[in-house]
Ligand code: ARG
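We begin with a single chain expressed as structure tokens, specifically the form predicted alone.
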Amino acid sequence: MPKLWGGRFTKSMSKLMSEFNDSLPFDKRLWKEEIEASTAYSAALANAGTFTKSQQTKVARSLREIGKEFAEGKFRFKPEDEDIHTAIERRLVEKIGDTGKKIHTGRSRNEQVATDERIFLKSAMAEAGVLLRALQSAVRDLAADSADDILPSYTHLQQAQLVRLGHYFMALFFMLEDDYRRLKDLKVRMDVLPLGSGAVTGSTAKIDRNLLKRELGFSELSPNSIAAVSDRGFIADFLFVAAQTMIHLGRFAEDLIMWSSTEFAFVELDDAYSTGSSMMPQKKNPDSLELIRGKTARSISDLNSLLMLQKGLPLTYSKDLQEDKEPMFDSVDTLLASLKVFTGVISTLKVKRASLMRNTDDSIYATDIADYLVEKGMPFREAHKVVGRLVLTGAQTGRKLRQFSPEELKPISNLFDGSYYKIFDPNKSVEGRDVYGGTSSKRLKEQLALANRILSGRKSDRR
């Protein structure tokens, strides 16, 4: 069978150009979406009178059979198959003859690919949503199990203030919730059907686009044929959501990588998500997390590639847009795999509770000391300066803040009294952050309750 567009040409395309031009090596994974869209389009053509009822029945049956060939790995591609659209059409013609040649009436590959990609991404987003919820559930469980554990938090990789470990893990939960909501919002905006837009200006076939919309399960029809076939903003939107989600995973992966080191020893990864060294027998490497951190770069690159692909591209369709599929597929595959692996890591993570406060310095109570002075009437800026001098003196003399005697504290501020030494209590420190969203026991319970409502599908009031 010759190329579907070969009538205007006097000689064949060079083998080099054919290999350079064909997108089949990567778009063949859209076979299921192409079968679905073509079946719906055959119904629209029958409704328009292009197919008789019996012809459309034969087309639909043949398309199902072709889909089965793909599913069973029996479909055989041929050299003239440029892409998945021409491959399936060619096979349809082989099966039912000239009737199959009518399937392309009023239809362009420009709209076919835009339709297939939207169907593909709708399915991928549904799977990503399920995986996000599974990861959030694992994070919620780990947060609940570590609700009473206290460790130092960090800013600039320096010890900052004490925090409940459960509060830390809930930060990941709510970052993932933002990712889930972005995905949910995008699902609404992406649910627009381009099929029926033709190559540029619409279709001459009197097809019922609302029929296509119902058959393919879309909520809206594209209102402009040019935008429908040429815009890839919907893919860019997904790639951004995927990249942002991967960035969240990568940031937490970085913390867990550090925390699993001998120097921190806060957590230990399960053997199932670790690797060893070919030279050093003692090594237990957090490669699952390092790969997630590394694959974040791929997701960002996929987004950048798609954005650059569209930059300055004239309307409407140009062959450049063929390059949209590889970053799309790679981003989907990277996100789904990373969510699965990260869920496995979180579900099996061991918290080494004895190590959490091992290297905590008294200076982590500095803000608590400043708050103590504020409660006694000192303005915060003055309290900040007083405590700064106290910390400096401790650093210069090699003493912990709790080791200063009352006689040494009085010259620094006469507001210090015996109650000063009660400040150095981890539980008192975290319980002092008793505001909505804080790290006190009461507020962490609120976060866990909210997480339970979110995961159960009930209204998630964040106040």
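So that there is no doubt, residue numbering starts at 1 and follows the sequence shown. Keep in mind that what you see is a predicted model, and the values were worked out from it rather than measured.
The same protein also has a form predicted in complex with arginine (ARG), omitted here; what follows describes it.
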property: 4.5 Å heavy atom contact with arginine (ARG) in the predicted complex for all of 23, 319 and 325; result: yes
property: Contact assignment for arginine (ARG) in the predicted complex, among 85, 167, 140, 91, heavy atom within 4.5 Å; result: 85
property: Option touching arginine (ARG), based on a heavy atom within 4.5 Å in the predicted complex, out of 110, 367, 159, 105; result: 110
property: Residue contact check: residue 33 to arginine (ARG) in the predicted complex, 4.5 Å heavy atom; result: no
property: Interface stretch in the predicted complex with arginine (ARG) - options 297 to 305, 159 to 167, 212 to 220, 110 to 118, non-hydrogen atom within 4.5 Å; result: 110 to 118
